[in-house]
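The form predicted on its own is given below as one chain in C-alpha cells.
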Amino acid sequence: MFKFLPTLVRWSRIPLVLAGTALLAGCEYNFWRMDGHQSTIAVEGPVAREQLQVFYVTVWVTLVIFVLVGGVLAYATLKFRARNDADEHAEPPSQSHGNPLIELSLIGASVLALVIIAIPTLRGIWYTYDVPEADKANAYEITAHGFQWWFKFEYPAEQAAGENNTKMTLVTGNELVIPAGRPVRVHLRTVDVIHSFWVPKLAGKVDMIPNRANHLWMQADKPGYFWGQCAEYCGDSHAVMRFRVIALGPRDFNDWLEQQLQTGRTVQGNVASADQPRAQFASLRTFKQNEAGISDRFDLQPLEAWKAKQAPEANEDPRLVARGRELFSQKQCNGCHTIRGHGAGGITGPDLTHVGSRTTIAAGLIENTPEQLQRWIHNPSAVKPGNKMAVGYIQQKITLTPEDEVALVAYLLSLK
C-alpha cells in the first residue's frame, strides 16, 4: 500500500493550493496592491517617490546577490552531495585557500554593489533634506509640535483673530491642512520627549528631539487625505499618537484658511427660552474594549468626509449649544484648550476653535462623530490610556452627567 503514498501526497496539495489562492485573492487590497493608508509603495509626493526609488535599487541589487549566492550554494549542494554509502564515508578532498582571482572578483563585485546603492542613496539624501533651491521661494512654512500624545500645527504666516480684536498665529490640532502641488517645509519641535513625524505616502520619518531644531519637506501631487503618526516610542499611548494631512487645491485651501482665521463660531438663535434644551444626540452606549472608532464608510472616502465636516451640523439647538459652552467653562476645560473668541485660552491641549470641522479626534484615533466624541468625553482614559485629559479629570475632580456630555458634544461640533 505504501506505493500509493507519493500519489496521495501530490493530490493532498490541491486543497492547500486552492486555499492559498483564495487567501491571496482576499488579501489583494493589502498584499498585491500595497496601497493601504500608510503604504510606502503607493506614494503620492516627490519626496516619498525619491525614497521609494532608493528602496527599489536596494531591492534589485540584493535580489541579484541572493540569486547568485543561492544559485552557487544550490549547485555545490547538488553536485557534491553524497550519492551512496561509499560517498558518505569517503575522505574529504584536500583543502586549500581559495582562488585569488575569484576572491578579488568577489570583493570587487561587493564594492560595485555598494556603489550602485550609494549613488541613488546620496542623491536621495540631498534631495529630501530640504526644498530644492528652485522651489524655496514658493515653499509654505508650517511648524509641528509633538506632545504626549498629539500634534500641534502652527501656520506662522497666518494671523488669526483672537480675543478683543487681537491677532495670534493660526494653530490647529492633529489635522494638518496643506496646499496641494506646493512644497511644504515642516519645522519639527517637541515639548516633552522624542517623537517622530511620519506621513508615509508623502515623506519619510524625521525625529522631533528636545532642544534641537529639525525639519523636513513634503509635497502632495494632488488633493488627498493622508494618514500620519508618531514613529518613535514616546510613552503609554505612542501607538495611538496619530494625525492626518489634508491636501487641498488652491481655492479650497484659501477657503479653509479664511474659515480658520475667524474666531470660534457662535450658533445663532433663541437661547433665552425657558424650555429645556432638547437632546440633540442619542444617549451614550457602551463601547467594547479597544473597539474601533473609524467607520468603514469614512475609510473609503475620507477627503469627501472631511469636506462634509466643514458645513454646520443639521438641526443645531442653540440652547443646547449654549449650555455646552457654559459647561466648557464651568468644568475648567478652558484651562487646557483654546477657543478663540469664546474666552478659552489654555495651551496644554489641542486648539478647539474649529474642532467641529475636523474628521478625527483623540489625535486621529476615532472619528469626529457625536457618538465617538461623547465616548471620548465620557472616559478619555479608556480610549487613550495615560492621556493628560484623563489625568485632568482626576486632578480637578471633574464629573459629567450624560446630559452634560450631550451638551458639550453639541457645543464642540458647532465649532466649525
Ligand code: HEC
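Counting begins at 1, following the sequence as shown. Everything numeric in this text was worked out from a predicted model, so none of it was measured.
Another form exists, predicted in complex with the named molecule; not displayed. Remarks below refer to it.
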Checklist entry - Can you pick the stretch from 76-84, 331-339, 159-167, 315-323 whose heavy atoms fall within 4.5 Å of the named molecule in the predicted complex? => result 331-339
Checklist entry - Quick one: is Ala48 in contact with the named molecule in the predicted complex, heavy atoms, 4.5 Å cut-off? => result no
Item to check | 4.5 Å heavy atom contact, Lys384 to the named molecule in the predicted complex | outcome: yes
Next on the checklist: Can you tell me whether Leu412 touches the named molecule? I mean in the predicted complex, with a 4.5 angstroms heavy atom cut-off.
Outcome noted: yes
Next on the checklist: Even though the partner isn't displayed, in the predicted complex is Trp149 close enough to the named molecule, meaning a heavy atom within 4.5 Å?
Outcome noted: yes
Checklist entry - Of the residues Asn174, Thr128, Gln219, Gln260, which one places a heavy atom within 4.5 Å of the named molecule in the predicted complex? => result Asn174
Checklist entry - Honest question, do Leu352, Ala363 and Leu400 all end up within 4.5 Å of the named molecule in the predicted complex by heavy atom distance? => result yes
Next on the checklist: Only counting heavy atoms and a 4.5 Å limit, does any residue of 373-387 reach the named molecule in the predicted complex, and if so which ones?
Outcome noted: Leu373, Trp376, Ile377, Lys384, Asn387
